[in-house]
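Read the single chain below, which is given as structure tokens and is the form predicted alone.
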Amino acid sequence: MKTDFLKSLISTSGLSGFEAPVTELIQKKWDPLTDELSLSPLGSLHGIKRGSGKSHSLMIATHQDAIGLIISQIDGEFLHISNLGGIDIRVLPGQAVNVHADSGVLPGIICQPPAHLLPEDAATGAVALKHLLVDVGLSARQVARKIKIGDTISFATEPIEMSGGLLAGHSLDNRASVAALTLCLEELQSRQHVWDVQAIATAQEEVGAQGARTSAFALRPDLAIVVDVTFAKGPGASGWETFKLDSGPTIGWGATNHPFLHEEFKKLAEKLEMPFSVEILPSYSGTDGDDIQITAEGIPTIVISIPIRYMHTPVEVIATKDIQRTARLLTEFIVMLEDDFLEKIVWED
């Protein structure tokens, strides 16, 4: 798999509620691959690839936003921070970041006070976010002139091509799924399909799935596939809730996942001789699917996920082959959809 586009995705800012930089990048990539592009009022990108039929549509939702930080207070030359989305605070001290100010992008470092200067109850273990600071190397006067409260901060980790077909970097949750959907759109350029495909890069998933909820309400698809990431096996994470890297996508099973779609995807993966796992999601899936499936009168939905290690850190790790497999699974499902597919759907668990 060529990783140039994915690397550009995870090297571009686009934090929850501030997605514009990455939206522009995806928009340029999707423009020749879709028949129509538009932005929702909330900032989600909608790409429509029309099929040969006239009545049915499939939404494929991948969230484009990433976790990050926002400046909550300025204390001289140091910046106090709050989180945008869930962040593992244990890995923050020492991380390189980019401060996105009106004056431009300023490089910085996340730092923490010495233990003897912290409150006694905060001097051991992971240092709470409220005690961490960002240092951009400027004087207090320069900081006051260039930076303001409310400016956003993204991770500055460079993508790393690792051995064994792995890629490391920040924001692979969920830019890896955007890459998979893009590969699917590329493949559809030479494949016939009956159903319309609604390719969606949703906004604000990491802070509550607002983009998915509003886009599903606006577009009212007949079916929905949510592509996200899930937990890969790694240090201290080896239970049934985790999945090996390079073992293919996971197919969700649980409340958010329509049982008929679950079985169809299992049969399709087996027909393709594609490795996959069943992911047990007994209640909420923690993805856009939770909100899409209950939009309006309800939309049959399935969650397909790609395993990554070290989720919600600046050094997430993914197997690029799993992205390719996910793209192929999406493509083949789209191609197999016929006009009468909805009539076959029954709720049997």
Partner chain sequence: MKPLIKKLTETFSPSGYENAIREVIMDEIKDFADEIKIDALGNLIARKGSGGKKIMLAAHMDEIGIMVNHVDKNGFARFASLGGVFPQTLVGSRVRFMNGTPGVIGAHYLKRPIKLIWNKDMFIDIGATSPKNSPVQIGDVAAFDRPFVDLGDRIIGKSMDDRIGVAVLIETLRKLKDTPHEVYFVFTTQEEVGVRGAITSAYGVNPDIGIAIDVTGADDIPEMDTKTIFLGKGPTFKFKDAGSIGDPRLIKHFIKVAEKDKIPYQREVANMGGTDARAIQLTHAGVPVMTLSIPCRYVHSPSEMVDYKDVQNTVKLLVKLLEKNIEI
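Positions refer to the first chain, counted from 1. What you see is a predicted model, and the numbers here were worked out from it, not measured in a lab.
One more form of this protein should be noted, the form predicted together with its partner chain, which is absent from this view; the next part is about it.
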Look at the stretches 214 to 222, 132 to 140, 88 to 96, 244 to 252 and give the one with heavy atoms within 4.5 Å of its partner chain in the model of the complex.
214 to 222
Assert contact residue (its partner chain, in the model of the complex, non-hydrogen atom within 4.5 Å, options 127, 207, 272, 111) equals 207
Considering 315, 48, 42, 294, which brings a non-hydrogen atom within 4.5 Å of its partner chain in the model of the complex?
42
How about residue 333: is it within 4.5 Å of its partner chain in the model of the complex, going by heavy atoms?
no
Even though its partner chain is not shown here, does residue 148 get within 4.5 Å of it in the model of the complex, heavy atoms only?
yes
Contact label in the model of the complex: residue 71 to its partner chain, heavy atom within 4.5 Å
yes
Does residue 16 reach its partner chain in the model of the complex if we count a contact as any heavy atom within 4.5 Å?
yes
